[in-house]
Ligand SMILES: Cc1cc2nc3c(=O)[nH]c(=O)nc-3n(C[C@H](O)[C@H](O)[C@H](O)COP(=O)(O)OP(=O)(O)OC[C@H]3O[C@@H](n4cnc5c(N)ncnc54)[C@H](O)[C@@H]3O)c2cc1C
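The chain below stands alone and is given as structure tokens, in the form predicted on its own.
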């Protein structure tokens, strides 16, 4: 008999969401599944507290835990022009990782066990998988499970033509006087100085009339140093008219933006979820809504006692569009600030958000594409198609070797 039916590795958004769904899985099954959530003990391997931002219609499953929400969204162009349009049916939301983790643990059923264990290796097998780990006291343990879902950040996957990073530094700031509208957020501000390729932008997410999360973000090949982020963020605070700010906390991160495929199945009983399993949308770096769709599919499979292979939660055509856009940014075919300003200036905000979340239809997507730099994007699309055909031809005609 295995130690567990399901082992979930990592307590980020994907691991917590799947852990939370296991209670519903057990309600739908005749036999509950014994589940373990493995997280490393506090220390060098523990990620710092994070905020997750995402958009969805109101009355979402995490609404009771939200730090803030915004219905009034705007985008600011490189020259300072502000673009506002209805975001309905979407609301932009912020959720703190600490609040989500506490909620998942407080509402877990008796079949979910949280364990502090640093995972050192995984071994696949025909009947079960084995998880090798180290406990906080240094004891080495081996746990067996029918299914293992690994949400730890993987090494860069092979393949893919474009490998950009979304890298950022954010300050939680407090001002001495009322400045912010807690119901209105700047989703993308393109006024910062732009890199040679890629794009740079800031955003402002108010938490109260005097507090906000202010971030500086770049899409590019390499991250900046901390002093470089701080210089850029100081300059952006001045551009945004915030003056002197008191920094109460910081957050910093790097998110992969690549057209490389992320396999969701790595063995007979080993799977990847979250960013590790392709839940991050390549063109935006947003992961939370992809995680929701991916873990819902896994939960449905577990409830029905099917093999729970996590799906990549993005449509194939959207991944192709993302690959074309990323290549155009990376190779300098389009100027990033111009691309995004045209996109938000020429379309209703709710329609853009629907596309970025995979909920749009093809006719509207084609009309949206006409508001971007058409000639440059067409060249990037043709280049992508040519590369795909050459790759397929090379795969279909294996090398015969030298002729004798």
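Positions refer to the first chain, counted from 1. Just so you know, these numbers come straight off a predicted model, no measurement behind them.
Beyond the structure shown, there is the form predicted together with the ligand, which is absent from this document and is the topic of what follows.
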Practice problem: Answer yes if any heavy atom of residue 69 is within 4.5 Å of a heavy atom of the ligand in the predicted bound form; otherwise answer no. | Solution: no
Quiz item: Is residue 119 one of the residues lying within 4.5 Å of the ligand in the predicted bound form, judged by heavy atom distances?
Solution: yes
Quiz item: Does residue 62 reach the ligand in the predicted bound form if we count a contact as any heavy atom within 4.5 Å?
Solution: no
Quiz item: Can residue 9 be called a contact residue for the ligand in the predicted bound form at 4.5 Å between heavy atoms?
Solution: yes
Self-check item: Candidate stretches 360 to 368, 35 to 43, 375 to 383, 344 to 352 - the one whose heavy atoms come within 4.5 Å of the ligand in the predicted bound form
Solution: 35 to 43
Quiz item: Though the ligand is not shown, can you say which of 172, 286, 83, 180 has a heavy atom within 4.5 Å of it in the predicted bound form?
Solution: 286
Quiz item: Here the chain is shown alone; which of 275, 74, 217, 264 has a heavy atom within 4.5 Å of the ligand in the predicted bound form?
Solution: 275
Quiz item: For the stretch 247 to 263, which residues lie within 4.5 Å of the ligand in the predicted bound form by non-hydrogen atom distance?
Solution: 251, 252, 253, 254, 255
